[in-house]
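What follows are C-alpha cells for two forms of the same protein chain, given separately as structure 1 and structure 2.
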Structure 1
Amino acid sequence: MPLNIDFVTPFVKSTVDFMTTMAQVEVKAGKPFAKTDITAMGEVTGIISMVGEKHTASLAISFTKSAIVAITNNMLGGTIKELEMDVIDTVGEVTNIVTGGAKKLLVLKGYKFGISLPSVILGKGHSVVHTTKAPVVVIPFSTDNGDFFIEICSMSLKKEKVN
C-alpha cells in the first residue's frame, strides 16, 4: 500500500487537534490499513474533495453512531440520542474543519489545492466513493464512546520523471 506519510500525517494531526479541543473527546489513532471496498465503516460519513494543479485527493470521515452522537453532544451541549439533523450538520462541520486544518499544514509542505464543500452520507452499509482511483488509506480512531475512521485517497497529477 503506497502511503505518503507527508500527506497523511497532517490529517491525523488535524483530527486529533479538533477532537481534543473543539469536541472535547480523547482519541487514539490505530494502525493505518488499505481499504479494499467502498462500504462505509460507520453509519454516517462526511466526504470532501481537494483539487490542485499537481495533486488531487479526498477525505472521508466515517463515524459509528455512538461516537458521533457523543461528539455532537459535547460540541452542542445537548442530549441527542439518534442520528438527527444536528448530528448530520456536525459531521459536515467536522469534515470541513479537519480538512481545513490539514490544508494549512500541507501548504507548509508545498501542497496547494482547493477544497469542496463537504457532503454527508447516512445509513448502515452506505458506499463511499473517492474522487481518484488511487488506493484508499484508512486510519481508525477509538474513543470512549465508539470508533470513527478517516479515509484518505490522494494522487499526484504531475508526471514523475523515470530514470
Structure 2
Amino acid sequence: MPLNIDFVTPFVKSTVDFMTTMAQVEVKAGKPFAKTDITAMGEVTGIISMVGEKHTASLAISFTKSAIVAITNNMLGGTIKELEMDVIDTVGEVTNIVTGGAKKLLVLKGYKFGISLPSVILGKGHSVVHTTKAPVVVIPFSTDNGDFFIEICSMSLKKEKVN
C-alpha cells in the first residue's frame, strides 16, 4: 500500500500555524518518513481518530516532556515543570485543534471526516501501534525546548463505515 502523502502538508501547516500563533513557539518541521518498527514515543501522546464514509485515519502526536512543558507554559503563562493536569489538557487541546485545522484543508482535497474525542497517553517509554497494514507516516518537529512528532495512518475504506 503506498504512503498517502495527502495528509502530510495539511498537518504540517496546521501544526506550524498552531505553534506559532496560539503557543508562540518557533517550530521547524523535518522530513517525513515511513515508520518501520515499534519505536518508543515521547512521554506524553495525544491520539485522535478521523472517521469518514470513505476514509479512516488515526493520528498520534507525541511530545518530549521538555517540549510540552514549554508549550503549556507559553500558552497558559505558567511556570509548570512536571506533567501535571494542565499539561495533559494542553496535549488534548493541541491534538484537537491541529486535527481540526488539518481537516479544513483535507476537505478541500475531498476528504470528509468526523473527529473523535482525543485521548492522552502518559508513561515513560510507551509506544503506540497503529493496527493496520497501511503505512504510517512520521513527521518530526523540533522546537528550542525539544522535539515532538506526529504519526499519521490513513486508509481508504472499501465499504461505507458511517451508517
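Under this definition, the rigid core comprises the largest set of C-alpha atoms superposing within 1.5 Å between the forms. Numbers follow structure 1, counted from its first residue as 1. Computed from a predicted model, the values in this text were never measured in an experiment.
**Prompt:** With each form of the chain shown alone, which structure should be assigned as the form predicted alone?
**Reply:** Between the two, the form predicted alone is shown as structure 1, not structure 2.
**Prompt:** After the core is matched up, is the C-alpha of Thr131 off by 2 Å or more between structure 1 and structure 2?
**Reply:** True for Thr131: a C-alpha shift of 2 Å or more.
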